[in-house]
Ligand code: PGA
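Take a look at this single chain, the form predicted on its own, given in C-alpha coordinates.
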(Lines give C-alpha, C1' and ligand atoms only; values in the text may rest on other atoms or scores of the structure.)
Protein backbone atom coordinates (compact mmCIF):
# COMPACT_ATOMS: atom_id res chain seq x y z
CA UNK A 1 0.00 0.00 0.00
CA UNK A 2 1.54 3.28 -1.13
CA UNK A 3 1.48 6.06 1.43
CA UNK A 4 -0.33 9.17 0.20
CA UNK A 5 1.79 12.24 -0.53
CA UNK A 6 0.97 15.92 -0.98
CA UNK A 7 3.18 18.62 -2.44
CA UNK A 8 2.38 22.23 -1.57
CA UNK A 9 3.75 24.36 -4.43
CA UNK A 10 3.78 27.98 -3.34
CA UNK A 11 5.26 29.12 -6.66
CA UNK A 12 6.37 32.81 -6.69
CA UNK A 13 4.08 33.88 -3.87
CA UNK A 14 4.20 35.12 -0.26
CA UNK A 15 6.49 37.52 1.54
CA UNK A 16 9.19 36.24 3.90
CA UNK A 17 7.00 36.80 6.95
CA UNK A 18 4.00 35.18 5.31
CA UNK A 19 6.06 32.17 4.26
CA UNK A 20 7.51 31.74 7.76
CA UNK A 21 4.07 32.00 9.35
CA UNK A 22 2.39 29.53 6.98
CA UNK A 23 5.29 27.06 7.22
CA UNK A 24 5.08 27.17 11.01
CA UNK A 25 1.32 26.56 10.95
CA UNK A 26 1.60 23.64 8.52
CA UNK A 27 4.44 22.11 10.52
CA UNK A 28 2.14 21.98 13.55
CA UNK A 29 -0.60 19.97 11.86
CA UNK A 30 0.38 17.05 14.07
CA UNK A 31 -1.81 13.99 13.76
CA UNK A 32 -3.34 15.20 10.49
CA UNK A 33 -0.18 14.44 8.54
CA UNK A 34 0.79 11.19 10.23
CA UNK A 35 -0.96 9.26 7.46
CA UNK A 36 0.41 11.34 4.60
CA UNK A 37 3.81 12.58 3.46
CA UNK A 38 3.80 16.34 3.06
CA UNK A 39 6.38 18.41 1.18
CA UNK A 40 6.33 22.22 0.98
CA UNK A 41 7.89 23.90 -2.05
CA UNK A 42 8.41 27.55 -1.03
CA UNK A 43 9.92 30.29 -3.20
CA UNK A 44 13.58 29.45 -3.74
CA UNK A 45 15.02 32.42 -1.77
CA UNK A 46 13.25 31.20 1.39
CA UNK A 47 14.63 27.66 1.35
CA UNK A 48 17.64 28.49 3.50
CA UNK A 49 15.57 30.37 6.05
CA UNK A 50 12.87 27.72 6.39
CA UNK A 51 15.39 24.87 6.44
CA UNK A 52 16.65 26.19 9.80
CA UNK A 53 13.33 25.13 11.33
CA UNK A 54 12.56 21.54 12.26
CA UNK A 55 9.29 21.52 10.38
CA UNK A 56 7.60 19.67 7.54
CA UNK A 57 9.79 18.44 4.66
CA UNK A 58 10.90 21.09 2.17
CA UNK A 59 11.49 20.88 -1.56
CA UNK A 60 12.95 23.09 -4.28
CA UNK A 61 10.66 24.26 -7.08
CA UNK A 62 13.53 23.94 -9.55
CA UNK A 63 17.13 22.76 -9.72
CA UNK A 64 19.88 22.80 -12.32
CA UNK A 65 21.52 19.59 -13.39
CA UNK A 66 23.39 17.48 -13.98
CA UNK A 67 26.37 19.81 -13.33
CA UNK A 68 27.02 20.51 -9.65
CA UNK A 69 28.90 23.79 -10.07
CA UNK A 70 29.56 26.08 -13.00
CA UNK A 71 28.82 29.32 -14.83
CA UNK A 72 25.02 29.06 -14.68
CA UNK A 73 23.92 32.46 -13.43
CA UNK A 74 20.80 32.43 -11.30
CA UNK A 75 20.60 28.64 -10.97
CA UNK A 76 20.54 26.37 -7.92
CA UNK A 77 22.58 23.17 -7.87
CA UNK A 78 21.85 19.85 -6.22
CA UNK A 79 24.84 20.46 -3.95
CA UNK A 80 23.31 23.73 -2.76
CA UNK A 81 20.19 21.81 -1.78
CA UNK A 82 22.22 19.11 -0.07
CA UNK A 83 23.96 21.80 1.98
CA UNK A 84 20.52 23.03 3.09
CA UNK A 85 19.36 19.46 3.89
CA UNK A 86 16.69 19.70 1.18
CA UNK A 87 15.80 16.24 -0.13
CA UNK A 88 12.93 16.98 -2.55
CA UNK A 89 12.84 18.66 -5.96
CA UNK A 90 10.05 19.59 -8.34
CA UNK A 91 11.04 19.01 -11.95
CA UNK A 92 9.29 19.50 -15.28
CA UNK A 93 6.41 21.72 -14.18
CA UNK A 94 4.49 23.02 -17.18
CA UNK A 95 5.37 26.60 -16.22
CA UNK A 96 9.08 25.71 -16.51
CA UNK A 97 8.43 24.04 -19.85
CA UNK A 98 6.34 26.93 -21.17
CA UNK A 99 7.97 30.09 -19.81
CA UNK A 100 11.58 28.90 -19.62
CA UNK A 101 11.63 26.60 -22.64
CA UNK A 102 12.76 23.52 -20.73
CA UNK A 103 12.53 20.56 -23.10
CA UNK A 104 11.97 16.93 -22.21
CA UNK A 105 15.58 15.80 -22.67
CA UNK A 106 16.86 18.52 -20.34
CA UNK A 107 14.11 17.84 -17.82
CA UNK A 108 14.84 14.12 -17.94
CA UNK A 109 18.56 14.75 -17.36
CA UNK A 110 17.79 16.93 -14.35
CA UNK A 111 15.49 14.30 -12.90
CA UNK A 112 18.03 11.50 -13.36
CA UNK A 113 20.78 13.58 -11.73
CA UNK A 114 18.49 14.30 -8.76
CA UNK A 115 17.39 10.67 -8.37
CA UNK A 116 20.98 9.47 -8.60
CA UNK A 117 21.88 12.09 -5.99
CA UNK A 118 19.43 10.63 -3.49
CA UNK A 119 16.61 13.17 -3.90
CA UNK A 120 12.90 12.48 -4.07
CA UNK A 121 11.72 13.84 -7.42
CA UNK A 122 8.25 15.20 -8.14
CA UNK A 123 8.18 14.83 -11.93
CA UNK A 124 5.41 16.76 -13.68
CA UNK A 125 3.65 15.80 -16.87
CA UNK A 126 0.45 16.88 -18.56
CA UNK A 127 -1.23 18.05 -21.73
CA UNK A 128 -2.74 21.29 -23.07
CA UNK A 129 -6.41 21.65 -23.89
CA UNK A 130 -5.60 21.48 -27.60
CA UNK A 131 -3.86 18.14 -27.15
CA UNK A 132 -6.68 16.86 -24.93
CA UNK A 133 -9.29 17.81 -27.53
CA UNK A 134 -7.47 16.20 -30.45
CA UNK A 135 -7.31 12.89 -28.59
CA UNK A 136 -3.54 12.61 -28.14
CA UNK A 137 -3.23 13.32 -24.40
CA UNK A 138 -2.03 9.81 -23.58
CA UNK A 139 0.72 9.76 -26.21
CA UNK A 140 1.81 13.27 -25.15
CA UNK A 141 2.18 12.22 -21.51
CA UNK A 142 3.90 9.01 -22.56
CA UNK A 143 6.51 10.99 -24.48
CA UNK A 144 7.16 13.19 -21.44
CA UNK A 145 7.68 10.16 -19.20
CA UNK A 146 9.67 8.06 -21.68
CA UNK A 147 12.61 10.48 -21.53
CA UNK A 148 12.81 9.73 -17.82
CA UNK A 149 11.94 6.04 -17.67
CA UNK A 150 14.46 5.00 -20.32
CA UNK A 151 17.32 6.36 -18.21
CA UNK A 152 16.12 5.43 -14.72
CA UNK A 153 17.65 2.88 -12.43
CA UNK A 154 14.70 0.78 -11.19
CA UNK A 155 16.05 1.17 -7.66
CA UNK A 156 15.11 4.86 -7.90
CA UNK A 157 11.39 4.12 -8.37
CA UNK A 158 10.57 4.53 -4.69
CA UNK A 159 11.95 8.09 -4.85
CA UNK A 160 9.84 9.06 -7.86
CA UNK A 161 6.51 10.90 -7.57
CA UNK A 162 4.78 11.49 -10.90
CA UNK A 163 2.54 14.55 -10.83
CA UNK A 164 -0.08 14.48 -13.57
CA UNK A 165 -1.12 18.09 -14.15
CA UNK A 166 -3.29 18.82 -17.19
CA UNK A 167 -2.03 22.25 -18.22
CA UNK A 168 -5.54 23.49 -18.93
CA UNK A 169 -6.54 22.84 -15.31
CA UNK A 170 -3.63 24.61 -13.58
CA UNK A 171 -4.92 27.71 -11.82
CA UNK A 172 -8.03 27.87 -14.02
CA UNK A 173 -10.61 26.29 -11.77
CA UNK A 174 -11.30 23.73 -14.50
CA UNK A 175 -10.96 20.13 -13.36
CA UNK A 176 -11.01 16.95 -15.46
CA UNK A 177 -13.89 14.60 -14.84
CA UNK A 178 -13.38 11.74 -12.41
CA UNK A 179 -13.36 9.38 -15.38
CA UNK A 180 -10.65 11.41 -17.14
CA UNK A 181 -8.46 11.44 -14.03
CA UNK A 182 -8.99 7.71 -13.51
CA UNK A 183 -8.16 6.97 -17.14
CA UNK A 184 -4.93 9.00 -17.19
CA UNK A 185 -3.68 7.78 -13.83
CA UNK A 186 -4.39 4.23 -14.92
CA UNK A 187 -2.50 4.85 -18.16
CA UNK A 188 0.51 6.21 -16.26
CA UNK A 189 0.42 3.25 -13.88
CA UNK A 190 0.44 0.97 -16.92
CA UNK A 191 3.51 2.77 -18.29
CA UNK A 192 5.30 2.26 -14.97
CA UNK A 193 4.53 -1.46 -15.17
CA UNK A 194 5.70 -1.57 -18.78
CA UNK A 195 9.14 -0.17 -17.93
CA UNK A 196 9.76 -1.67 -14.49
CA UNK A 197 9.20 -4.98 -12.73
CA UNK A 198 6.21 -5.07 -10.38
CA UNK A 199 7.91 -4.28 -7.03
CA UNK A 200 9.60 -1.23 -8.54
CA UNK A 201 6.60 -0.04 -10.57
CA UNK A 202 4.31 -0.36 -7.55
CA UNK A 203 6.60 1.92 -5.52
CA UNK A 204 6.09 4.90 -7.85
CA UNK A 205 3.46 7.31 -6.52
CA UNK A 206 1.19 9.09 -9.00
CA UNK A 207 -0.47 12.28 -7.80
CA UNK A 208 -2.91 14.72 -9.36
CA UNK A 209 -2.43 18.47 -9.73
CA UNK A 210 -4.49 21.18 -11.38
CA UNK A 211 -7.11 23.24 -9.51
CA UNK A 212 -7.09 20.80 -6.60
CA UNK A 213 -9.04 22.32 -3.70
CA UNK A 214 -10.52 21.34 -0.37
CA UNK A 215 -13.86 20.96 -2.18
CA UNK A 216 -12.80 18.32 -4.72
CA UNK A 217 -9.84 16.58 -3.06
CA UNK A 218 -11.86 14.04 -1.09
CA UNK A 219 -13.60 12.64 -4.17
CA UNK A 220 -10.39 12.52 -6.19
CA UNK A 221 -8.48 10.86 -3.35
CA UNK A 222 -10.82 7.86 -3.63
CA UNK A 223 -9.97 7.22 -7.27
CA UNK A 224 -7.69 4.29 -8.15
CA UNK A 225 -4.02 5.18 -8.65
CA UNK A 226 -4.42 8.67 -7.17
CA UNK A 227 -1.74 8.66 -4.49
CA UNK A 228 -2.09 12.29 -3.45
CA UNK A 229 -1.93 15.80 -4.86
CA UNK A 230 0.34 18.58 -6.04
CA UNK A 231 -1.48 21.66 -4.76
CA UNK A 232 -0.92 25.18 -6.05
CA UNK A 233 -3.10 28.12 -5.02
CA UNK A 234 -4.98 26.19 -2.35
CA UNK A 235 -1.71 25.48 -0.54
CA UNK A 236 -1.33 29.18 0.23
CA UNK A 237 -4.15 28.94 2.78
CA UNK A 238 -3.65 27.02 6.02
CA UNK A 239 -7.30 26.03 6.26
CA UNK A 240 -7.39 24.78 2.66
CA UNK A 241 -4.25 22.68 2.86
CA UNK A 242 -5.40 21.33 6.23
CA UNK A 243 -8.67 20.16 4.67
CA UNK A 244 -6.89 18.62 1.69
CA UNK A 245 -4.53 16.69 3.94
CA UNK A 246 -7.47 15.47 5.99
CA UNK A 247 -9.26 14.30 2.84
CA UNK A 248 -6.68 11.74 1.70
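Computed from a prediction, not measured in an experiment: that's the story for all the values here. Residue numbers count along the first chain shown, from 1.
Absent from the display: the form predicted in complex with 2-phosphoglycolic acid. The rest refers to it.
- Using a 4.5 Å cutoff between non-hydrogen atoms, residue 42 does not count as a contact of 2-phosphoglycolic acid in the predicted complex.
- Using a 4.5 Å cutoff between non-hydrogen atoms, residue 24 does not count as a contact of 2-phosphoglycolic acid in the predicted complex.
- Although the partner is absent here, residue 165 lies within 4.5 Å of 2-phosphoglycolic acid in the predicted complex, judged by heavy atoms.
- When 2-phosphoglycolic acid is considered in the predicted complex, residue 95 lines it closely, a heavy atom lying within 4.5 Å.
- Only one of the listed residues (141, 170, 81, 107) places a non-hydrogen atom within 4.5 angstroms of 2-phosphoglycolic acid in the predicted complex, and that residue is 170.
- Only one of 87-95, 147-155, 113-121, 70-78 places residue heavy atoms within 4.5 angstroms of 2-phosphoglycolic acid in the predicted complex, namely 87-95.
- Although 2-phosphoglycolic acid is not shown here, in the predicted complex the stretch 214-248 places heavy atoms of 230, 231, 232, 233 within 4.5 Å of it, in sequence order.
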